[in-house]
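Quick setup: one chain, the form predicted on its own, written in structure tokens, and binding and motion questions come after.
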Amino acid sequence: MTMAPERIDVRVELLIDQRWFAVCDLSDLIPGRGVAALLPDGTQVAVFLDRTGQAYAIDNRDPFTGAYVLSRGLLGSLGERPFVASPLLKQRFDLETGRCLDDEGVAVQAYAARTNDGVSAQVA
């Protein structure tokens, strides 16, 4: 008799108010694409998985337009810096710091993100 392997649900967690909060299953993410998630306080976040399996999260609201669209942006990198380009006006936001790479005076909130299996983590 063969036993089926034990299923391990891997969740993406964000550090919110000094506690880890699960926002989605890792299987909900496609490398190179984002999803929007809602935090308990009503804040929308954009959650991303890069092609190496690293999770990131920033505010979903584009500060240039006010639209909640950053989760639909394109991922890229500037050297070693991962970013998302807004799908509307194309400003690039550093996924580790939230800083706009095209306008020094603008930033969005970046969140520490990890998977609960301990394989990947990102500290903002």
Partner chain sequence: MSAPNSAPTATAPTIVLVGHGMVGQRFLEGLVERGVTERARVVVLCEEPRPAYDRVQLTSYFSGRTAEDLSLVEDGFMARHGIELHLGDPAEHIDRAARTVTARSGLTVAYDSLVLATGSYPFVPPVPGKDSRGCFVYRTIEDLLEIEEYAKNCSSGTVVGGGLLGLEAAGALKGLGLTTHIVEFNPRLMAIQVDEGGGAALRRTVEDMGLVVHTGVGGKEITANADGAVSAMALSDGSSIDTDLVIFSAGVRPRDQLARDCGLTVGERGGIAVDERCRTSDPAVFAIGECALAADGRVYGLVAPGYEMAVVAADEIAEASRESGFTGADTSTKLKLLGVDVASFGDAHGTAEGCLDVVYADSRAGVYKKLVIGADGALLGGVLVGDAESYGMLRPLTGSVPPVAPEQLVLPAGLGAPAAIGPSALPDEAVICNCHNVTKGSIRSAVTDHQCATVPEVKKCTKAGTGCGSCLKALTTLVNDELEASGVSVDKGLCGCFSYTRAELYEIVRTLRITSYAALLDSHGRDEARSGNGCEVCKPTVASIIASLAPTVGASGYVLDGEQAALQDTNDHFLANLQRNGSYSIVPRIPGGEITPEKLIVIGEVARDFGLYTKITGGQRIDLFGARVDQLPPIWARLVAAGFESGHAYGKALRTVKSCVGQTWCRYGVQDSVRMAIDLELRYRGLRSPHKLKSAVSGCARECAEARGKDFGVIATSNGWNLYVGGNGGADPRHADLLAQDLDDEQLIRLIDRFLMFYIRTADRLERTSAWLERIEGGLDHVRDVVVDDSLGLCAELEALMADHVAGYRDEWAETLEDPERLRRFVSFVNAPGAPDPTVKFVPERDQVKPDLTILSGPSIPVRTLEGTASR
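Positions refer to the first chain, counted from 1. The structure displayed is predicted, hence computed values, not measured ones.
Below, we turn to the form predicted together with the partner chain, even though it does not appear here.
Contact annotation: residue 48 falls outside 4.5 Å of the partner chain in the model of the complex, judged by heavy atom distances. The partner chain is not shown here, and in the model of the complex it never comes within 4.5 Å of any heavy atom of residue 20.
The shortest heavy atom separation between residue 11 and the partner chain in the model of the complex is within 4.5 Å. Taking the partner from elsewhere, residue 97 is found to have every heavy atom lying beyond 4.5 Å of the partner chain in the model of the complex. For the partner-free chain shown, 61, 65, 66, 67, 68, 69, 72, 74, 75, 76, 77 of 60-79 come within 4.5 angstroms of the partner chain in the model of the complex, judged by any non-hydrogen atom.
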